[in-house]
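A single chain, nothing else alongside it, follows as structure tokens in the form predicted on its own.
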Amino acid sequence: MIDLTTRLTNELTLSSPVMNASGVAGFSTEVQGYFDQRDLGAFVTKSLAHFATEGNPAPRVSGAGISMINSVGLTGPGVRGWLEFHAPKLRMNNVPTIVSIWGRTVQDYAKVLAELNGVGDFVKAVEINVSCPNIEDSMNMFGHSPQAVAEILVATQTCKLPRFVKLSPNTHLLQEVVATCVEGGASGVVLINTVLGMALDKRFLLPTLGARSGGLSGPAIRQMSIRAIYDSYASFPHFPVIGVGGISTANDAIEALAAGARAIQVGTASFVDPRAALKILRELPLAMARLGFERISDLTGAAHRGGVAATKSALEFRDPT
């Protein structure tokens, strides 16, 4: 029997390590017609600010080979709109939920959490998206600055829910930012967000996106994600990592978990097939069994402990009780 439960923190254990990535499944029950969201370890909302946003000009999404480039612009109803129209649906269906939040200033993050206070037990954690422009610092991304991330963690330290910080890979300071999250009291990190990119229409030789550049996601960035996860685990093996970036199959999920992730999120693959996360969840036990893994905890960080051979050796001597 394969045990898919995964402990992200002492207070938060998920029934499985598979979630959707923020931004691909809407704000509440938009994907409910494809599968029961309660089957996943948790549902992750699209990012919410304390204000409503319209997003970037169209076109917002463009193909990039087997991957995708987008510049949606964090469009959304704001946290008050979410609380009025979306949260009741998730509460009624008892969907374990992680609320993704963002802001343009440090205090914007604190304001979102103040609005979320008392939302209900169905919200299990918050995902703090720092891969957005900081208008107080000449539009530089929060996630590119260890100091800015530290300030956000201070501003949100009264939050009673686990805080996972979603980080940008578009900086050479990524591991310094991870260290800041460890030192600043975050519950863990989400690695990685999209990679900055751009595409031109081959007929007109003009940008394919209305905002010109955007974020590259999908299979093209998986190896970047694996490296970020691996490096984070190598430096801080007890600090929880949620892996995301190009995961399309159960084997991709195993790779991220073996690199050091305790859970994974499925993003761009969901645009190809809205049931992608559920399919990965269903295929994961067999894929684990083929390699000799019985528990997610055995698989997490296996690449740092000698891989499959070392794990099988350890399992042979495990006390059956």
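Worth saying up front: this structure is predicted, and the values here are computed from it rather than measured. The first residue of the shown sequence is 1; numbering continues from there.
The same protein has a further form, the form predicted in complex with a small molecule, not shown here; the description that follows concerns it.
Q: May I ask you to choose, among 259, 68, 296, 280, the residue with a heavy atom within 4.5 Å of the small molecule in the predicted bound form?
A: If I apply the 4.5 Å criterion carefully, the residue I get is 68.
Q: Could you work out which of 100, 168, 97, 187 is the residue within 4.5 angstroms of the small molecule in the predicted bound form, going by heavy atoms?
A: Contact residue from the list: 100.
Q: Since the chain is shown here on its own, which stretch among 262 to 270, 280 to 288, 33 to 41, 249 to 257 would lie within 4.5 Å of the small molecule in the predicted bound form, judged by heavy atoms?
A: Selected stretch: 262 to 270.
Q: Is residue 24 one of the residues lying within 4.5 Å of the small molecule in the predicted bound form, judged by heavy atom distances?
A: It does: once the small molecule is placed as it appears in the predicted bound form, residue 24 has a heavy atom within 4.5 Å of it.
Q: Under a 4.5 Å heavy atom criterion, is residue 47 part of the interface with the small molecule in the predicted bound form?
A: Close contact exists here: in the predicted bound form, residue 47 approaches the small molecule to within 4.5 Å, heavy atoms only.
Q: Determine whether any heavy atom of residue 113 comes within 4.5 Å of a heavy atom of the small molecule in the predicted bound form, and answer yes or no.
A: Outside the cut-off, so no.
Q: In the predicted bound form, does residue 192 come within 4.5 Å of the small molecule, counting heavy atoms only?
A: Output for residue 192 is yes: heavy atoms within 4.5 Å of the small molecule.
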